[in-house]
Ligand code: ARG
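Coming up is one lone chain in structure tokens, specifically the form predicted on its own.
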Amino acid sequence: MTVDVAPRPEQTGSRRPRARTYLMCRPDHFEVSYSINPWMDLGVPVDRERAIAQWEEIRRVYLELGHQVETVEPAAGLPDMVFAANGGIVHGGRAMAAHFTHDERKAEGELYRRWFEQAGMTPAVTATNLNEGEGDFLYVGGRFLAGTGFRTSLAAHAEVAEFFGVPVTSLTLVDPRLYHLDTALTVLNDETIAYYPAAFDPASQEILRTLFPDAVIATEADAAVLGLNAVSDGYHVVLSAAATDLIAALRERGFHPIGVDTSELNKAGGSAKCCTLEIGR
């Protein structure tokens, strides 16, 4: 597949791509050997080579779009390390590595912290409170939107606000399938998001309606294929090809969606965004 990277004539204002730097981790040890979310079914076979091929396609699309992709070395025994977005938060040259909720993933945090440190991020610390990185913290319009309810604690929201000096708006997730914020909400550019309202409690829905009255609203069908677990550079949006409603809605709003197959990665509860931590902000 050749990616169309050229801006289209209808692009105006903020519908413009911006070069990004992403961190990814090749799924050399991918498997579903435990179950810590509703997507993980120990009775369903996993094809590691297919997962690697899907990951490679996501990486190839980023490179073809002109983005830089860094990689962290995968570690045996940590099959979910492929989901780099959960590894930490990077903003303004500072980095906070994750403090994972489940024992099966805890060792990932230090590996990501070391990568941040070696990459020259100062300081590079580990979160004190339960904090699953960019899985639950998405930067938009001068603030972090922060998820809680399943993984990241409310105390982590305050810790992130203090460490990065950035306001944090807390949102409560209520659908177990959408256990991280980045499975229920996508930042499209500095002013626009897409989200699935039923993933949030009523108070959080009201916050999102107030902050983003022009948001793209995703459907149940989009949520059911992790369609909101997407990556946008401000114009191009890389997402599951199965999220057909969302793809159509993005096109109508002047974005350029690029569908990729993430079906094997979905078996562990992730898609394009889970595989991608933005480090160039």
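Sequential numbering from 1, following the sequence displayed. Since this is a predicted model, take the numbers as computed values, not measurements.
There is another form of the same protein, the form predicted in complex with the ligand; it is not shown, and what comes next is about it.
Although the partner is absent from this view, residue 257 stays clear of the ligand in the predicted complex, with no non-hydrogen atom inside 4.5 angstroms. Mapping the unseen interface onto this chain, residue 152 falls outside it, with no heavy atom inside 4.5 Å of the ligand in the predicted complex.
In the predicted complex, residue 269 approaches the ligand with a heavy atom inside 4.5 Å. Contact check for residue 86: a non-hydrogen atom falls within 4.5 Å of the ligand in the predicted complex. The candidate stretches are 237-245, 30-38, 51-59, 215-223, and the one lying within 4.5 Å of the ligand in the predicted complex by heavy atoms is 30-38.
In sequence order, 179, 180, 182, 183 are the residues of 155-183 having a heavy atom within 4.5 Å of the ligand in the predicted complex; the partner itself is omitted from this view.
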